[in-house]
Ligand SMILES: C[S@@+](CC[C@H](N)C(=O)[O-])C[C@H]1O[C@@H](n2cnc3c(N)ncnc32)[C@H](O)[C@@H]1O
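Just the one chain here, the form predicted alone, laid out as structure tokens.
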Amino acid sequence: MENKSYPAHDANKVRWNASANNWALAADSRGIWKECHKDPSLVFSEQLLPHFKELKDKKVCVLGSGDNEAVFAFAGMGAKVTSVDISQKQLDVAAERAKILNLEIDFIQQDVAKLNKLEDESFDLVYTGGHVAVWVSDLNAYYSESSRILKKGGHFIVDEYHPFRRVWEGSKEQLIVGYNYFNRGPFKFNYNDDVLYHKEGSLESFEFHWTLSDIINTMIQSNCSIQEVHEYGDGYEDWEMAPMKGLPEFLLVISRKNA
């Protein structure tokens, strides 16, 4: 991977480091991180869990690991897990929690579009989930790097917030289109250090609104064959800016790296 510069990623890293304490407090209020190593269904959907039946001693990489709940769940299933995130402070919190849970995990600070610290074909499974693609300006580099570190025949799984959820303007009463679905951005904001319930602030934040076809086609272009696609969930959380009940919450794409 060439030494390409991503200024938007650098800005997002600053904000995520500043937000790490608030994010940790939010995770504490849910309490999932304390239990998910014993019950992975607290983290993974029923569509996803059947693909994780034989992970003991398998090498798993979680990209954009954030609160690391997925990381802890994989470790609890016996996998040898590497947690990758752009925010060192997020990883520091996760490392302390891993000690509490007595879990052995490798934590690596890296931009998901530049995984030069990770060797070619070194993982049996690469997983990325939640809200990662929205912070990444180069989807091709992100998924190409994901494929590069994956063994031939290994699975690359993307479990993302559904792209259709990013088109709505902030309104608690009605759905109003605020963004053209085909406008990928970048969208620049100045926010405070609270990611979920953000207000105006001094921290630059950049978002990229990739479409469903962007995600699927870029996975195919990264030398992976699509095996399954699921859209699931139909509720909405209080932090979301529009009443989206009845619309798909998540997009799950399961692929295998070509031999």
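In this text, residue numbers run from 1 along the sequence as written. The shown structure was predicted, so the numbers you read here are calculated from the model rather than taken from an experiment.
The same protein also exists as the form predicted in complex with the named molecule; that form is not shown, yet it is the one meant from here on.
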Is there a non-hydrogen atom of residue 110 within 4.5 angstroms of a non-hydrogen atom of the named molecule in the predicted bound form? yes
Mark residue 94 yes when one of its heavy atoms lies within 4.5 Å of a heavy atom of the named molecule in the predicted bound form, and no otherwise. no
Is it the case that residue 147, even though its partner is missing from this view, gets within 4.5 Å of the named molecule in the predicted bound form, heavy atoms only? no
Please determine whether residue 131 contacts the named molecule in the predicted bound form, using a 4.5 Å cut-off between heavy atoms. yes
Non-hydrogen atom within 4.5 Å of the named molecule in the predicted bound form for each of 72, 80 and 124: no
Which one, 134-142, 184-192, 170-178, 95-103, holds residues whose non-hydrogen atoms are within 4.5 Å of the named molecule in the predicted bound form? 134-142
What are the residues of 223-259, in order along the chain, with a heavy atom within 4.5 Å of the named molecule in the predicted bound form? none
